[in-house]
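Next comes just one chain, in structure tokens: the form predicted on its own.
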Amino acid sequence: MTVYSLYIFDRHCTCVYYQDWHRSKRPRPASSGGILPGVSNAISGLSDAQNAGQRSSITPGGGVVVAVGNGELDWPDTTTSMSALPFDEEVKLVYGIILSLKQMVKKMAVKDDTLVNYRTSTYKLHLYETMTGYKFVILSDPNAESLRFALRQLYTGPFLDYVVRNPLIAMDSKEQGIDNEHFRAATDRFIRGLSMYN
């Protein structure tokens, strides 16, 4: 079982962080102005020198709903080295799936059910939403167990330590993503330390 990628969305529906591990299809760079600077160097569309210039120096509980279907995000695919979509369009698609499924769950829920994960034949989307509106999303192998606990630990550990408690990071910014090397390294260590990571 593998972990493909991690997205973090803020309360404004904006992707503020992205990192991938076992993706065989690399996302195409985002169009100019398509994403916030600092979200990820791999997809920003800037050269390494430009990215280095932009980098900062310090860097409800309820029931469980599982949706199964044939999604439009086809991960992984080893036939090409580039995804068909630019990264900014891919992010919109991921967030659109979350928003649509949350609305469907809300309309069909008997009690306080919430969207926890969604599975297709090629990937499984895991969701953890904080009280402050941040959405942590992991795409993994379709046979993976729920990673909601891992997303919660990622939030209560590295995210709080290196992002929330860091006075140099502007929270709730519409101008800059989470550009913090300590957080990126801690996230990488955390994901690679999961028992299901390959």
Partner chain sequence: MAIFALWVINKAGGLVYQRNFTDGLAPLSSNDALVLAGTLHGIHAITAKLSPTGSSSGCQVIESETFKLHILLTATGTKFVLLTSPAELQAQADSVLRRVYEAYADGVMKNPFQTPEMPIRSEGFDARVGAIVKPA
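Numbering follows the first chain given and starts at 1. In this text the structure is predicted, and so the values were computed from the model without any measurement.
Missing here is the form predicted in complex with its partner chain; even so, the following discussion is about that form.
For a residue to qualify, one of its non-hydrogen atoms must sit within 4.5 Å of its partner chain in the predicted complex; none of 151, 169 and 187 qualifies. Its partner chain in the predicted complex is not approached by residue 19, whose heavy atoms all lie more than 4.5 angstroms from it. Using a 4.5 angstroms threshold between heavy atoms, residue 139 counts as touching its partner chain in the predicted complex. When its partner chain is considered in the predicted complex, residue 88 lies well away from it, no heavy atom lying within 4.5 Å. The closest non-hydrogen atom of residue 182 lies beyond 4.5 Å of its partner chain in the predicted complex. In the predicted complex, 85, 90, 93, 94, 97, 100, 101, 104, 105, 107, 108, 109 are the residues of 85-109 with at least one heavy atom within 4.5 Å of its partner chain, listed from first to last.
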